[in-house]
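In the form predicted on its own, a lone chain appears below as structure tokens.
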């Protein structure tokens, strides 16, 4: 199968692997397909495939189709054998079951974090019908920060924002943080859904990052920006526990009209002593 969607999906997988974000079978990617994308490959789909339980309910996604990586599959192999490593699934009429209508030709299941992906894709659809991509990976610098910064949305956002002026422009609503919990279950899915109601990126402590977008470039670019800022912050922290100078709250507010964004004001607190990781 050679379509624009397949090429774009594969490119993100390859780019993420090249960044070092997908060790072994780490990470997962999902995309809510457009009607015309489904029709383009309709003759390749098995509409009589077995129905399986999702493990949650996503009624607003009924009868929709999704392209996603398989559980236990390696991102580096997607470009080598797309049909072995990727699935297209369809959700049933009441949003409780799915069937694999294409892919995973040598057996397997969609990503083990299927409930998280579908629940968040439902939230994103409700927020903006054109939000279609959910991407999860394991970027080393961001994960390292989860051992050094508190699990606090305002602090994590502010520290990352200060590393590059582009950051508050790219994700003006900030970063959501999720304390460590077992991946793949309903609890982490619900927690992430709460974040995705208003934000585009969540950091799962001691695990990885979760980002969304209208398309693959947007989701990858968001992940890339946060991870680069995290790398800069770690370099600063390796030298000192304080910043000699940084972007001030008033400086951030000046960015808003210049870039036509509205920043989360709760993150623009006044620092007491310049110490990293403290309000």
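Just so you know, these numbers come straight off a predicted model, no measurement behind them. Residue numbers count along the first chain shown, from 1.
What follows is about the form predicted together with ligand 13P, which we do not show.
Note on the partner interface in the predicted bound form: the residue among 132, 73, 158, 90 having a heavy atom within 4.5 angstroms of ligand 13P is 73. Of the listed positions (138, 125, 191, 173), a single one reaches within 4.5 angstroms of ligand 13P by any non-hydrogen atom in the predicted bound form, namely 138. Remark: all three candidate residues (27, 112 and 207) come within 4.5 Å of ligand 13P in the predicted bound form, counting heavy atoms only. Shown alone, this chain has one stretch from 225-233, 242-250, 63-71, 37-45 that lies within 4.5 Å of ligand 13P in the predicted bound form by heavy atoms: 63-71.
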